[in-house]
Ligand SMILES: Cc1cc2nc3c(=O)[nH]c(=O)nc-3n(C[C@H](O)[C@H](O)[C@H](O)COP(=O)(O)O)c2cc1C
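Just the one chain here, the form predicted alone, laid out as structure tokens.
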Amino acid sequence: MTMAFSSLTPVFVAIICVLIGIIVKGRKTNSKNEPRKTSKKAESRPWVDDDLKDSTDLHPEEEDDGEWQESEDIAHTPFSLERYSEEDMIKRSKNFYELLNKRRSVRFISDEPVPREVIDNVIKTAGTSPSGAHTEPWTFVVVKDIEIKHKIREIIEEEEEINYKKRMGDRWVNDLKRLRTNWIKEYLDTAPYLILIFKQVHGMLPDGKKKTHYYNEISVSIACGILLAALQNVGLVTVTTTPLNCGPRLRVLLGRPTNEKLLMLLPVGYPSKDATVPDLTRKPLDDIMVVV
């Protein structure tokens, strides 16, 4: 019995190999004839994924092209800061909170003139913001020219109408309805100043070399926050706007270089006499702070 079984084994092995070959061939044939199942393509969200793309993103190979500036040593100096009593600290912190708690996004802005020196000072204040490796990767473009302001409004309203009607989607538009906002931006004409904040994705030195700007978007965002506080401190209002899909056109209009991308636009002025704001409340401290 053992001899018979051993003699048949090669035959069984050959049969099994043939069967496997037939099965595999059949599957390949079927896969060619059947239509491929493709995964559903992710929905394009240009207002999130593609906005601010302005042909200024750096490629990894650029970092080693020999055109970058070498860092230099910086001298350090003694530092001191005025120290307050605990009582004064509590009082000052409370007063500053009460000042900024009055800050609101205002879309009804008067055309009443604002002293230019005030604008200079609030932007200098924003320029005190910390930045990655002290690169200060920001450019504040102040627009007061009536014609340029109107061109900015035309560009933004054209894109915003498309955003509201096609790009943003029903959920986003419905969430904005309660705030009574739309693509009409009258304040871009009436505000005495428009401040457009650009982030520099890298620096450009006079000798043509590039300067790395670390954490440029975070750095410029912090500067924007300080600017909002400075505006509130002098009694001016604004509304934070991110002109979706308008960055490249506005950059060209204002003659800014290609290493700059528009991050935010602030119309700045006094509130109009008939200004209104949504009756909103802020989250309590317990909802925004965790102590561990």
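Fair warning: this is a prediction, and the values are worked out from it, not measured in the lab. Just count from 1 along the sequence shown to find any residue number.
In what follows, reference is made to the form predicted in complex with the ligand, a form of this protein that is not presented.
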**Q.** Interface segment, criterion being heavy atoms within 4.5 Å of the ligand in the model of the complex, picked from 202-210, 145-153, 130-138, 99-107
**A.** 99-107
Q. Out of 239, 224, 230, 254, which one falls within 4.5 Å of the ligand in the model of the complex, going by heavy atoms?
A. 239
Q. Residue 273 near the ligand in the model of the complex, any heavy atom under 4.5 Å?
A. no
**Q.** residue 181: touches the ligand in the model of the complex, heavy atom cutoff 4.5 angstroms
**A.** yes
Q.
Is residue 283 part of the interface with the ligand in the model of the complex - any heavy atom within 4.5 Å?
A. no
Q. Can you tell me which residues in 126-142 come within 4.5 angstroms of the ligand in the model of the complex, by heavy atoms?
A. none
